[in-house]
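One chain is shown next in structure tokens, namely the form predicted alone.
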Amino acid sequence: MPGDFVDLHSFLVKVMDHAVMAVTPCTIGMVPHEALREITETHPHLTRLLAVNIVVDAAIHRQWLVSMGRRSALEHTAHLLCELLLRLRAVGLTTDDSFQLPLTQAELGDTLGLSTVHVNRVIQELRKEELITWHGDTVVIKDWPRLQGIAEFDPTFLSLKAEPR
């Protein structure tokens, strides 16, 4: 996601049990752990903001665990679309209720843990119910309240509300 600080927790846990990969072209910036160490030792406010980033990352992971374990394919896909809309809106990459999602159905299936065929069926269902349109790489959320309801989507976990930290 544009603007994300990926794997900030690697600053605290030196050997990670996973890798990170981009599925679309992107630009990255590296922040050496030594720079993070200096920031956390001299700037308490920035340290709190970095901690918030780790907490939000953990909240997103918890939502994904719930999706993989409890939500149906339709609910999981709806939840992802809700999350993407709000996260992309927060960084200024939406137009009204639409956003770019340059993934193939196979890549989306890998993301959701679903077969390409199942992803296609779910997208067709979302279209049939007039919840979304999806042309090329543009997704338009046509009925936010219903999509949010199907997903049981509560945006609290994203901590998008501006507040003093």
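The first residue of the shown sequence is 1; numbering continues from there. Here the structure is a predicted model, which is why all the values come from computation and not from measurement.
There is also a form predicted together with the DNA; it is not shown, and the following applies to it.
Could you confirm whether L114 comes within 4.5 Å of the DNA in the predicted complex, counting heavy atoms only? Yes, L114 lies within 4.5 Å of the DNA in the predicted complex.
Can you work out whether R48 and the DNA are in contact in the predicted complex, taking contact to mean some heavy atom pair no more than 4.5 Å apart? No.
With a 4.5 Å heavy atom cut-off, would you call Q63 a contact of the DNA in the predicted complex? Contact check for Q63: no, nothing within 4.5 Å of the DNA in the predicted complex.
Contact between R37 and the DNA in the predicted complex at 4.5 Å, heavy atoms? Answer no; every heavy atom of R37 is more than 4.5 Å from the DNA in the predicted complex.
Please pick, from N120, N53, T133, Q100, the one residue with any non-hydrogen atom lying within 4.5 angstroms of the DNA in the predicted complex. Here the answer is residue option N120.
Tell me the stretch among 40 to 48, 103 to 111, 23 to 31, 55 to 63 that has any heavy atom within 4.5 angstroms of the DNA in the predicted complex. Selected range: 103 to 111.
So in the predicted complex, are S72, Q124 and R127 all sitting within 4.5 Å of the DNA, heavy atoms only? Each of the three qualifies.
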